[in-house]
Each structure stands twice: as structure tokens, then as C-alpha cells.
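Read the single chain below, which is given as C-alpha cells and is the form predicted alone.
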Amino acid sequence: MKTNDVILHTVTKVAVFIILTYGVHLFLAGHYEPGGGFVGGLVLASAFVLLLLAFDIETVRLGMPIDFKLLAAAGAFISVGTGLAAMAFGVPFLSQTEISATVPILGEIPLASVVLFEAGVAFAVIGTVVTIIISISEDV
């Protein structure tokens, strides 16, 4: 007997959109305000966990064919790579720099190297959390 989860699926789709939007906001605001890669990654991972709770694992994997173990490894590689890149320029490990670029419509936009580090942290957190949740759910 198949259960009718239309309300759950519909609310989940809307909630996931809102959670993903807020997670991206936390990630982008993290350089100047509270937030950043770790908190943004946890919020983004919670959206994926909500999808896994509302739908079955195979449906989520078909709709989103991401290997979360590779995502976690890539995130760790990016984070360490940004630190090593700083050392290649003769400054201490994980030193950051900021430049600004002028965009015709938006004006002057600051670009910080810490965003790459934060992206690596976010990828590592998302990959790790979702991998753990999938592993736990497969054992049950």
C-alpha cells in the first residue's frame, strides 16, 4: 500500500528552496557578518537532509546525482589549496588578500581570497553531513 504524501512533498519543495536561499545568504555574508562556510554548509546540508526525509534516497539520487564523498574531498582540497597558494606567494599559510573589480552596472565590487577557502569549507561540511546521514539511513 502506497501512502499519499502530496502535502509533505509540496511543503518540502518550498521549504528546501527557502533553506537553500538562506544557506547561500549565510555563506556570502560570512566574510563581513556572522556566517560563512561552516554555518552556510550546515544550513545547505539540512536542505538535502530534508529532501532525504521527505523522499526516498533513490529518488533524491536520481534527481541530484552528486557523490557527496567526492564533494567533501574536493572541499577539503580547495581549503588546503588556498592555504598553500598563500605560501606560494611568500606569505604565511591561509593569509588572505582582497582586491576590487569595477563592474559596469554594479560599480566597484571587493573580491576576497577567503571566499575560496569558505567555499571549500562549505563543500566539505555538506559532503560530510549528507554522507553520514545517507550511511545511517542505509543501515536502518
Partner chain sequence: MNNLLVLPMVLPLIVGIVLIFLRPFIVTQRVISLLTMVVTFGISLYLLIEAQLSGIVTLDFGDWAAPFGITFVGDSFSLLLVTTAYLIASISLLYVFSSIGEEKERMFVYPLILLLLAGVACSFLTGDLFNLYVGFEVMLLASYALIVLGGEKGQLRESIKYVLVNVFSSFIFLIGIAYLYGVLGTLNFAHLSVRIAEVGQTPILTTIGIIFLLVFSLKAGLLLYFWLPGSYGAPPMAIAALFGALLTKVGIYALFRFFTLLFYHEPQITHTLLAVMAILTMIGGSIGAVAYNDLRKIISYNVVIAVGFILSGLAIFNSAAIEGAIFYLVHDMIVKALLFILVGLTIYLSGTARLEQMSGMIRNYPLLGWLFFITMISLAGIPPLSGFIGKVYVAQGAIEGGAFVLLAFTLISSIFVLYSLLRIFRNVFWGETIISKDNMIPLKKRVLLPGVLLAVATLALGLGVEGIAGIVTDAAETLMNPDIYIDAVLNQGGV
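Positions refer to the first chain, counted from 1. Since this is a predicted model, take the numbers as computed values, not measurements.
Although not depicted, the form predicted together with its partner chain is the subject of the following passage.
Judged against its partner chain in the predicted complex with a 4.5 angstroms heavy atom cut-off, the residues A47, L62 and M64 are out of contact without exception. Heavy atoms within 4.5 Å of its partner chain in the predicted complex belong, among the stretches 72 to 80, 97 to 105, 47 to 55, 32 to 40, to residues of 72 to 80. Contact annotation: of the candidates M87, A112, L28, I109, the single residue with a non-hydrogen atom within 4.5 angstroms of its partner chain in the predicted complex is M87.
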